[in-house]
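A single chain, nothing else alongside it, follows as structure tokens in the form predicted alone.
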Amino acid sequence: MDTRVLQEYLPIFAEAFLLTVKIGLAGVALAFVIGILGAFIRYFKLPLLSEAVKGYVELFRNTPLLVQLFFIYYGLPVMGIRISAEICGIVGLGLLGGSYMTESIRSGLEAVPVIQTESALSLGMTRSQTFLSVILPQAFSLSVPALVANVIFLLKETSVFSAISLMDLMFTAKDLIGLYYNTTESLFLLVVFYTVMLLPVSFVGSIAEKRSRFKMFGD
């Protein structure tokens, strides 16, 4: 391990790290938006839309992100739709993550016992009040572990962005290895920066899971 090489590569990896985090967080945010909308549509069984969301979930959960990125980045221009590599990464990650978020949130909503709804309605609450004040908070608490796992999964999936020429962490590592053959140093920095990106998410997720269990069960 050459420390001089590490010092030389550190600013390059730091720049790639910032790009990876920016695209990753934007993709995760888009995934949450899609997941919430999709979960509500499926939970309330809206005609036609519910089936469309179900088809979307099955399609994106059963195809690799790499294939989706290739279609968006290389396929859409054939139809006259051109987007930048960064937007492609955000959209691809958001669509993949949205399919997982949809099912996680929907499972949380459906896990709330029916008696909770019946009890709230019997106390004079409206259906909208029941959903917002009774069902939604419990559903969120139940969904937290799955949502945290999805976020970590999506951030790790950013490693395939190099396939569409994004100067992310993986692209930088492969590029430097190919040019200068400093494999050990490049892979070491790659592992370090991915750990720096994912450890805080895992830590915050663990806290969120504990707090959600405390609110649910009071222990």
Partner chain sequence: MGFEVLFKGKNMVRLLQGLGVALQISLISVAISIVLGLILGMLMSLKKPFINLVSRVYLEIVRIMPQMVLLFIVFFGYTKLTGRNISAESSSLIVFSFWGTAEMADLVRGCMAGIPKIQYESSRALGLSRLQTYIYVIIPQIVRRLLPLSINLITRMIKTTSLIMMIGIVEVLKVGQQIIEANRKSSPHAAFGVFATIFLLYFIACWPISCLAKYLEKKLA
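As the structure is a prediction and not an experimental result, all values here were calculated from the model. Numbering follows the first chain given and starts at 1.
Separately, the form predicted in complex with the partner chain exists; it is not shown, and the next lines address it.
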query	finding
Exercise: Ile87 in contact with the partner chain in the model of the complex, heavy atom 4.5 Å	no
Contact label in the model of the complex: Leu166 to the partner chain, heavy atom within 4.5 Å	no
Phe140 within 4.5 Å of the partner chain in the model of the complex, heavy atoms	no
Met79 within 4.5 Å of the partner chain in the model of the complex, heavy atoms	yes
Non-hydrogen atom within 4.5 angstroms of the partner chain in the model of the complex for each of Leu18, Leu30 and Ile83	no
Partner contacts for 54 to 83, taking the partner chain in the model of the complex and a 4.5 Å heavy atom cut-off	Glu58, Leu59, Phe60, Arg61, Asn62, Thr63, Pro64, Leu66, Val67, Gln68, Phe70, Phe71, Tyr74, Gly75, Leu76, Val78, Met79
